[in-house]
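Just one chain is shown here, as structure tokens, and it is the form predicted alone.
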Amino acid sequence: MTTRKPTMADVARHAGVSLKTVSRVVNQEPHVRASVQQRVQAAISALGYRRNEAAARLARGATMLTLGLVMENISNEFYARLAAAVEAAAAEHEALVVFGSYEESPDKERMLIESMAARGVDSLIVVPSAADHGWLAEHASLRMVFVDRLPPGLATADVVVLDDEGGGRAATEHLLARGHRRVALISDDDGLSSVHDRAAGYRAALAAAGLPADEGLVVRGVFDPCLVAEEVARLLDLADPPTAFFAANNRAAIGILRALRERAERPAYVGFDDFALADVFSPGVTVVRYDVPMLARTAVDLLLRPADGAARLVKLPVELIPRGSGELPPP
């Protein structure tokens, strides 16, 4: 049975004020006594009331609220899940979502953002590329929230990120605790803050264990799982190969799986990002996981919440999910 969403009328009854007063508080109109504002806000919190942004816009004579989502590549499972979660979160505000994927091209990313702005998109959620984003100063009137990464070149921005450094450290510590001392890192573009921070966590865990970071075991800038597989095979053919891997994203984890299909070696490995069938392999893939719907909801709520001029940074937690691949001992 679906629970009815609380309305402004419910808030008014709970607070013992008129519907007009609740409307004035919700719409941040002036000349409402502080004590009345507190009563209304307390009622809003108690009932879990959420303002219907679409209805508010229509009441002002504006069009339906439209959000834009600009991502790297929707063919990647992470972005597909993020798009679905943003759409679901926006639906709670009766807002529409339009999507765009720039496929690792900063020029296409800029084209998408400028095109959406020109077509009347109200606000944007952007997973930024590693390119400089200083040009966004030209679009200061467009509300934006950046997700998963910090936008290079912007001194102030609203951003929702993961605890990437903590996740990288937890993954590496997990492997070290199983006795591994030769742990390789397979990562993406170091210019991305998420990749940089996951690698920083990897290095911090090694340093805490008194182990030097062997740069010969670090692979950077590899996007395609097939190329990851080639790099993993190269590392395993070294005279002193790694006995474990930390894959800094889901593509890297899939590349490791590809590399191990026809090899006798069974190194341990931990991935960052969960993915479909990760728990079906034998052994299952140990991953650093996070709540994608929470990531999306936080970004949408931040986008629609009135800003006070200060940049807002929200960092969401991650958790390590052991499934077998990260628990294999050294040979």
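Quick caveat: nothing in here was measured; it's all calculated off a predicted structure. Whichever C-alpha set is largest while still superposing within 1.5 Å between the two forms counts as the rigid core. Note that residue numbering follows the sequence shown and begins at 1.
Beyond what is shown, the protein has a form predicted in complex with a further copy of the same chain; the following relates to that form.
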In the model of the complex, D279 touching a further copy of the same chain (heavy atom, 4.5 Å): yes
Answer for L185 alone: is it within 4.5 Å of a further copy of the same chain in the model of the complex, judged on heavy atom distances? no
Check F99 for me: does it contact a further copy of the same chain in the model of the complex (non-hydrogen atoms, 4.5 angstroms)? yes
Quick one: does T298 come within 4.5 Å of a further copy of the same chain in the model of the complex, counting heavy atoms only? no
Site test, A233, D237 and A239 vs a further copy of the same chain in the model of the complex, non-hydrogen atom cutoff 4.5 Å: no
Name the single residue among D189, D132, E94, D214 that comes within 4.5 Å of a further copy of the same chain in the model of the complex, judging by heavy atoms. E94
Here the chain is shown alone; which of R143, H196, R220, R258 has a heavy atom within 4.5 Å of a further copy of the same chain in the model of the complex? R258
With a further copy of the same chain left out here, work out from 68-76, 153-161, 177-185, 240-248 which stretch has heavy atoms within 4.5 Å of it in the model of the complex. 68-76
Cα of L316 displaced 2 Å or more between the shown form and the other one, core superposed? no
Once the two forms are fit on the core, has R289 moved its CA by at least 2 Å between the shown form and the other one? no
